[in-house]
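What follows is one chain in structure tokens, specifically the form predicted alone.
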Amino acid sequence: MSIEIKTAKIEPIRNTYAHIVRRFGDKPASRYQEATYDVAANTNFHYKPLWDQEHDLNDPSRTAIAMEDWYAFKDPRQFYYGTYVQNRASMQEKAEGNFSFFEKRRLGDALPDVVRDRCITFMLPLRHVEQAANLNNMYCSSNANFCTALSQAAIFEGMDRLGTAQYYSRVGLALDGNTGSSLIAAKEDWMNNPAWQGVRAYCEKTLTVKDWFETFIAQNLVFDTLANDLYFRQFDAWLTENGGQDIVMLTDFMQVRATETQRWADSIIKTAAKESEANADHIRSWISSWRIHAQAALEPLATAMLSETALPEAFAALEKRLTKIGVGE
């Protein structure tokens, strides 16, 4: 008795969903496309939200920015839930390894006192800044819910910022032997140290902005660019020069995430600015306004933490980024 095995090729009845076909044609779609495009409802709303009677539930008019097709915004990382979780799980595994190595080798005990004190005073209060960034990005996500390409990326960023705040808390615990004393001291600095009061005011001000795209500009473009240069370039250099290079290992997650997020934020701003002159004018106006706020907020902190030249160097990095994405002055 012989058995003959044959293969049969079964052609699918259709390649993807009808709304994806209308946008990209009748061909196999990527998982990012199927999870992102034209998912949010935009018709047949039965009532106005009780908290905002002037708008529909998913309403593009909550920002001054106008787009012919809001799905022109896309994430260059092509993150949807599955790929985002896998990517962040890998990053978290590496971060946990760094913390485990730091604690197992008792590297915190070998740090100079000046490094430990400066980290507690000038780095750990960033966990409060990151909490504000979490709220701002969640606000962007909830108000951009008419476009899944925007809302899902913004909520991923919001969760990243919450994770970053937790990692800054972990840095404190690694410095104080898990007593929590460093976090108490850092909160005291956040509440009362004059160097931090401008940043506190900036964070509180961003939480009151009504236009979600302006919030995006204030948080993910202006403030983040300046803070990232101050901490991940200039303060890192100071740590290395003063025997605190082991601390840099604990902030690897924050630095990798910030670099990656910049690609997404740049693509959003560049796409909006290219859509129309009106959009570009709004964006430049918001940048100009929030630059003034950021300078007043960060000047005392940058001077106390580094030097009087630190903030001008950070502004040079901001100018370079603005020029690159086409919204420079």
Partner chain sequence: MEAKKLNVKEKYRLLTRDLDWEFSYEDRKEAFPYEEFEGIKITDWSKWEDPFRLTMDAYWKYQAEKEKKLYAIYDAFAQNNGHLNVSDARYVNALKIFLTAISPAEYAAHNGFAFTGRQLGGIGARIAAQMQSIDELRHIQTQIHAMSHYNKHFEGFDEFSHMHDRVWYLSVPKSFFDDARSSGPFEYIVAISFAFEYVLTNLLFVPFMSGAAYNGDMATVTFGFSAQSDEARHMTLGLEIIKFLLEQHEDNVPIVQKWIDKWLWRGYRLLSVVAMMMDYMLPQKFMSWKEAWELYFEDAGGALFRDLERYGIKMPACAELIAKEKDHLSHQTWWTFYTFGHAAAFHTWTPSAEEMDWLSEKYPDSFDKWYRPRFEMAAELAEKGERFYSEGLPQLCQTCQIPMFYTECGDDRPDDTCYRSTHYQGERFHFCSDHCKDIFEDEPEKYVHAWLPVHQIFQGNCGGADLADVMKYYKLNDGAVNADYMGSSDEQRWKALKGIA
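Nothing here was measured: the structure is a model prediction, and the numbers come from that model. Numbering follows the first chain given and starts at 1.
Form predicted in complex with the partner chain: not shown, discussed below.
Checking 29-37, 297-305, 261-269, 274-282 against the partner chain in the predicted complex, the stretch whose residues place heavy atoms within 4.5 Å of it is 29-37.
The candidate spot formed by 60, 212 and 231 is out of contact with the partner chain in the predicted complex: none of the three has a heavy atom within 4.5 Å. At the 4.5 Å threshold, heavy atoms of residue 82 reach the partner chain in the predicted complex. The partner chain in the predicted complex comes within 4.5 Å of no heavy atom belonging to residue 249. The partner chain is not drawn, but in the predicted complex it has a heavy atom within 4.5 Å of residue 17. In the predicted complex, residue 78 stays away from the partner chain, with no heavy atom inside 4.5 Å. Though the partner chain is absent from this view, in the predicted complex it lies within 4.5 Å of a heavy atom of just one residue from 121, 225, 98, 148, which is 148.
When the partner chain is considered in the predicted complex, only one residue from 195, 138, 239, 111 comes within 4.5 Å through any heavy atom, namely 138. Contact residues in stretch 185-217 (any heavy atom within 4.5 Å of the partner chain, taken in the predicted complex) are 187, 190, 191, 197, 200, 201, 203, 204, 205, 207, 208, 210.
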